[in-house]
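Take a look at this single chain in structure tokens; it is the form predicted on its own.
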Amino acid sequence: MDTFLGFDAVMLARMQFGFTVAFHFIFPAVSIGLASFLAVLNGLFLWTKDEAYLRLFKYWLKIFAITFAMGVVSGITMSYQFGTNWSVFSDIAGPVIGPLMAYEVLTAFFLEAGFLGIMIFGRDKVGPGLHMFACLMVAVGTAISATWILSVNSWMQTPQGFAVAENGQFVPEDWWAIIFNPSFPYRLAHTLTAAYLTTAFIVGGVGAWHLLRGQRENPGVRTMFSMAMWMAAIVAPVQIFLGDAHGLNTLEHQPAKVMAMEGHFESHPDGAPLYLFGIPDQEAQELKYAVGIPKLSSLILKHHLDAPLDGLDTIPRDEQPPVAVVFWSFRVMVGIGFAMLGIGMWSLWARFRKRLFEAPWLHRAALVMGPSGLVAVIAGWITTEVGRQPYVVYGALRTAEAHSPLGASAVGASLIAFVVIYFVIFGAGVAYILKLMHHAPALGERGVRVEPGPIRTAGVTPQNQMRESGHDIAPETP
């Protein structure tokens, strides 16, 4: 078998797609939440005329513009892999996923692109009403974009509404069933809420940083930290509820994934324990050094302590996902979710005591938790995608049968190139974002700098240009 550094072409293609998606995912996760945050800030400024909201809008607009641009670029390079490393998948599933991804471009990307310039540069050019409308359209566009992409991903997890043609292609029979497949509503709600929480903790982390640096009287800093903590306190419990509902849906349609998440190698006819920790040994089909709470998994998944739960001993070995990866990524995601809940409750207590801005340990905790949402969304994505293995379209198309007929060396070389280029280019972008976050929002925050536009040509003379620019000129001689 052709290998590169010990990996075959399929594994290398999976590693390349996993790396590029993980890199890409962090930017939309931030831009989705920031777009809505900016629309709220702009609306609050128009309503209250409070300078702090305008200051924050201009401050975060610069960060949003860079994040949005990096998300677009990283998404384009990622999508090319459908034709390079996964051409068989594109050929077989293309009649279903191709139109859905085209709808994302037509309905969401064009909407964002059409109003993004007005949002960034148009505050003093189009009037407050149209500028506010542009902010709303960009926010709506990011949500619509996520909707189509998650519909595609959810169909790959819970496929329905299609038939297999004589040439082996998946052809659509019912578009409503394809788009609104069984896992789509749960995945959409869970992912969008994760994006909003991710943004809230980044904003809260930046606010905490400046509070710790002595900016307690800065209205912009106080406002951003307060709004972020409200978001954490309200949305974190909602996200835990949505995650539980999503898990129950996954148990119904992808039971092997839940078995891997729970570390259940064996079936439990009289109630399954909730394993907190352990070392999955897939070869031996056991969870070593397991630490668990008896029957709690049955209570969570079946709402009854003695409810039976099947284990991976009911799944053939070649149908099982990589248990160790799914087991630990799931715990990282859930652990961060409960830590977010803890920060939200802590902030409510500090707010009740009127010490939200004079609680240094809360600020330190919020600063540490600043990037936690990014880690959680990547861990959640790993749980979802690795848990689907060995299928790329669950139950219909195996991953090993979907890759392009490429040599391992070719895929490995492109993977190395991606890693080097991504860390150089996107590392520079992230460094610049951190530099922008380093300074506190100031009175008269400039926002995105607008360069002078083209000079009018009709009826303009050099003399008139000098007058308009404020230069003194000698009177004309007869």
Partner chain sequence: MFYSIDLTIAWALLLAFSVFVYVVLDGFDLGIGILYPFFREKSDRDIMMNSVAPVWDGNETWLVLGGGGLFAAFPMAYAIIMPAVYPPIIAMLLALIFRGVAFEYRWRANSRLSKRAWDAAFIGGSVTAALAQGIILGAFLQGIEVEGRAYAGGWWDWLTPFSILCGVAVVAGYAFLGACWLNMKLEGEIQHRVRIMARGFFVATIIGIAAVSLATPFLGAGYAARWFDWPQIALTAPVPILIAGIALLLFRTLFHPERDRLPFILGLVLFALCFLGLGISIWPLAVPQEITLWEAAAPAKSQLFMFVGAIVLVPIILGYTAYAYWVFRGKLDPEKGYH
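Everything quoted here is computed from the prediction, not taken from an experiment. Numbering follows the first chain given and starts at 1.
One more form of this protein exists, namely the form predicted together with the partner chain; it is left out here, but the text below deals with it.
Interface residue among 258, 179, 369, 386 relative to the partner chain in the predicted complex, by the heavy atom within 4.5 Å criterion: 179. Exactly one listed residue, out of 359, 146, 377, 120, brings a non-hydrogen atom to within 4.5 Å of the partner chain in the predicted complex: 120. Residues 72, 125 and 418 are all found to lie within 4.5 Å of the partner chain in the predicted complex, as judged by heavy atom distances. Proximity of residue 172 to the partner chain in the predicted complex: non-hydrogen atoms within 4.5 Å are present. At a distance threshold of 4.5 angstroms between non-hydrogen atoms, residue 160 is out of contact with the partner chain in the predicted complex. For residue 267, no non-hydrogen atom is located within 4.5 Å of the partner chain in the predicted complex, even though that partner is not displayed. Of the heavy atoms in residue 405, some are within 4.5 Å of the partner chain in the predicted complex.
Comment: 126-134 is the region of 205-213, 279-287, 126-134, 242-250 lying near the partner chain in the predicted complex, near meaning a non-hydrogen atom within 4.5 Å. Along 32-70, these residues reach a heavy atom to within 4.5 Å of the partner chain in the predicted complex: 62, 65, 66, 68, 69, 70.
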